[in-house]
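One chain is shown next in structure tokens, namely the form predicted on its own.
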Amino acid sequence: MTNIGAPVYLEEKLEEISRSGRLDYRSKSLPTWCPGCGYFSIVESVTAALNRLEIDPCETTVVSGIGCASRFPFFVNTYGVHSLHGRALPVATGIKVAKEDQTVIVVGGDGDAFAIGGAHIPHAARRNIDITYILFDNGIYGLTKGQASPTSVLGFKTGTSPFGNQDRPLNPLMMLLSHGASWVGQAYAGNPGHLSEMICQAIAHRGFSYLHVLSPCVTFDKTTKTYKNLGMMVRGLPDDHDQSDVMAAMHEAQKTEQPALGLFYTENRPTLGDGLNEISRRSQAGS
């Protein structure tokens, strides 16, 4: 049955978005992901966060690697760098060091981040580079047609694992916490309101902020990380969770059967830029 009210609704929705100012942060290129992909929510949430924080698009750079998430810079009205596979973090580091006042956002998928790009994450985290890393985790290589990824669940059947994935999945939250990230949170593409709030917090944090976003692949995963399954699995962090306690954060991060949404851990400490500025000051002073 045709919903004759749909065009009116869409017009009203577009007017609402236009009035909010979010269109100022969207490019003229329309997202080209599969219909229903959770990445649409992430684009809307990032632009809403930039608008809410009143960050000038001309003072923002979005960096991506390779994969479905790598298309992201084309869809936002900021500076953008579509870099090499797994190399988004080094590129983003160079941008932030060269232009310290730039807001730098890195986007990537679970394959780009934790397979070929895995060696760069520990150093970005421990150096506390003042950038935001938004990780789109759909547990599969979507762009290359559905192979198992570093976060695919055990037993997951794909074209390259017809008898089920035999590799234990990585726990990205545990990795980032152990590597020393100064802000670690988790959100879900199926809850865009909360997602946008978490992106706001991540960008506003001074230091290396890592936001893990659970996002279904509607084309190549019909059985595991679906909207239905994730909707039943996700939960909020306990009301008494201590965001300054890294061990408490690790304890929650291990509950992968019921992934928690929210801010796991945060701390304030000097950034890479602070250290470089101190070196510059001391060298000029001759000490």
Partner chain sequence: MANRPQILTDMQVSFCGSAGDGTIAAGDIFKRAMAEAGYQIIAFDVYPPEIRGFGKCIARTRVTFDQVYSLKPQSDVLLSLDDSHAIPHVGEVRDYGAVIYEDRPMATVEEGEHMSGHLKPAQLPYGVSFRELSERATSGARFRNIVAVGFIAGLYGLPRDLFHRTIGRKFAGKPAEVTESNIAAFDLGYDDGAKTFQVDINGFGPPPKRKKSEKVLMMHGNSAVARGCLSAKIDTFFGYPITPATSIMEILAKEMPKRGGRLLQTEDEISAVAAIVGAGFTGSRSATSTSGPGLALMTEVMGLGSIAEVPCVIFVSQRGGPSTGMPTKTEQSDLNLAVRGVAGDAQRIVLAPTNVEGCFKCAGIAFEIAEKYQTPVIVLLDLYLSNRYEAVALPNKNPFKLDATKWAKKPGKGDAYQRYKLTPDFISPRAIPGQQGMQHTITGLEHNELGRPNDQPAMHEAMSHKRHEKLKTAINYPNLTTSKRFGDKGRVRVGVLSWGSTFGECLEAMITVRKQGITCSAMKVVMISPLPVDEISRFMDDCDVVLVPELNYEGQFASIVMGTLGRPVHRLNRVTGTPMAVNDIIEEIQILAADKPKRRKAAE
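Residue numbers count along the first chain shown, from 1. Small disclaimer: the values here were computed from a predicted structure and weren't measured.
From this point on, the text means the form predicted in complex with the partner chain, which you will not see here.
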Open item on the list: Just checking whether V81 would be counted as a contact of the partner chain in the model of the complex - the rule being heavy atoms within 4.5 angstroms.
Closed with: yes
Open item on the list: So in the model of the complex, is the partner chain close enough to P90 to count as touching (4.5 Å, heavy atoms)?
Closed with: yes
- [ ] Please run the contact check for L272 against the partner chain in the model of the complex: heavy atoms, 4.5 angstroms, yes or no?
- [x] yes
Task: Contact of N51 with the partner chain in the model of the complex (heavy atom, 4.5 Å) - done: no
Task: in the model of the complex, segment of 117 to 125, 145 to 153, 167 to 175, 203 to 211 with a heavy atom within 4.5 Å of the partner chain - done: 117 to 125
Task: Option touching the partner chain, based on a heavy atom within 4.5 Å in the model of the complex, out of C34, M247, C58, M232 - done: C58
TODO: Spell it out for me: taking the partner chain in the model of the complex, does every residue among T132, G190 and N268 have a heavy atom no farther than 4.5 Å from it?
DONE: no
Open item on the list: Suppose contact means any heavy atom within 4.5 Å; which members of 85 to 113 contact the partner chain in the model of the complex?
Closed with: R87, P90, V91, T93, G94, I95, K96, V97, A98, K99, E100, Q102
